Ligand SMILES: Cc1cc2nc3c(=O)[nH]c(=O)nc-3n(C[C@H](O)[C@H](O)[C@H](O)COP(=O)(O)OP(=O)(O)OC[C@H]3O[C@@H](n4cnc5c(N)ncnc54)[C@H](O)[C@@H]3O)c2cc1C
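The chain below stands alone, shown as structure tokens; this is the form predicted on its own.
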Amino acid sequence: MRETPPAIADHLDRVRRANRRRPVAVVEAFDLTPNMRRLVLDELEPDTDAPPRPAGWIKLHLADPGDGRRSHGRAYTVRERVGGRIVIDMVRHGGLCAGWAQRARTGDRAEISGVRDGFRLDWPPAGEVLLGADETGLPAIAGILAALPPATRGTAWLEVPEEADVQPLDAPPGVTIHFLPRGAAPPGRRLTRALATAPLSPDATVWVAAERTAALDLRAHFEARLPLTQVRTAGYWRTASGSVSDDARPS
């Protein structure tokens, strides 16, 4: 029998570990801002104590209330992972997982799989950074900003539902953060305009996570101006009849 090359074997092992479901228990659940809820989860069977790469994500698996034999998984960014505990910040909107998070109490159980890589570009970025996200991508941007080398320069544009959803973020002194409360504007409009008119360095690394249509528009904009290896955009959700659906990442 032909042996599997080491590189492929390592890849398959990472895939198996990322797909393996593990139990978690709720330690805390509280509203971080009016439209963001934080969950602190205890990993009951941790697969590693290594911190995730910036924007790394897990899937949260919950039983279907209409059929307990099936479960549904939704993707959420790991905001922090320390001492066997995972912190995730979840937008308060419709959907199975968001509803469960709203009702969650200490000791409630669920399952997760992951952590999977989320940044998917050279790390750390070689030049300036241009980052953008709506509220669904805000936890990922927060993790990226906190992990950037201190000398990094650049800008982050963050669209949130309202002024009260602005939150303090750690970032290198050379990275400027702009929050864009959208109010009555359609999701993604203010973010798209800000990023499309932002100054763009030829060595910039661009990373965007937002509503699917906005992400696709921005992908076309940046890929026409920069090498593809410097651009990553992801649609974390899509509008459905004008409302937010459960996280549909990755795309």
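Numbers follow the displayed sequence, beginning with 1. Being a predicted model, the structure only gives us computed values, none of them experimental.
Quick note: we don't show the form predicted together with the ligand, though the next part is all about it.
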- Query: Heavy atoms within 4.5 Å of the ligand in the model of the complex: does R153 have any?
  - Reply: no
- Item | in the model of the complex, I112 touching the ligand (heavy atom, 4.5 Å) | no
- Message: in the model of the complex, does L96 come within 4.5 Å of the ligand, counting heavy atoms only?
- Response: yes
- Report yes if any heavy atom of L158 sits within 4.5 Å of a heavy atom of the ligand in the model of the complex; otherwise report no. no
- Item | Candidate from L169, L121, A147, A75 lying within 4.5 Å of the ligand in the model of the complex - any heavy atom | A75
- One stretch from 171-179, 76-84, 104-112, 125-133 that, in the model of the complex, holds residues within 4.5 Å of the ligand by heavy atom: 76-84
- Task: Pull the contact list for 41-57: residues with a heavy atom within 4.5 Å of the ligand in the model of the complex, in sequence order.
- Result: W57
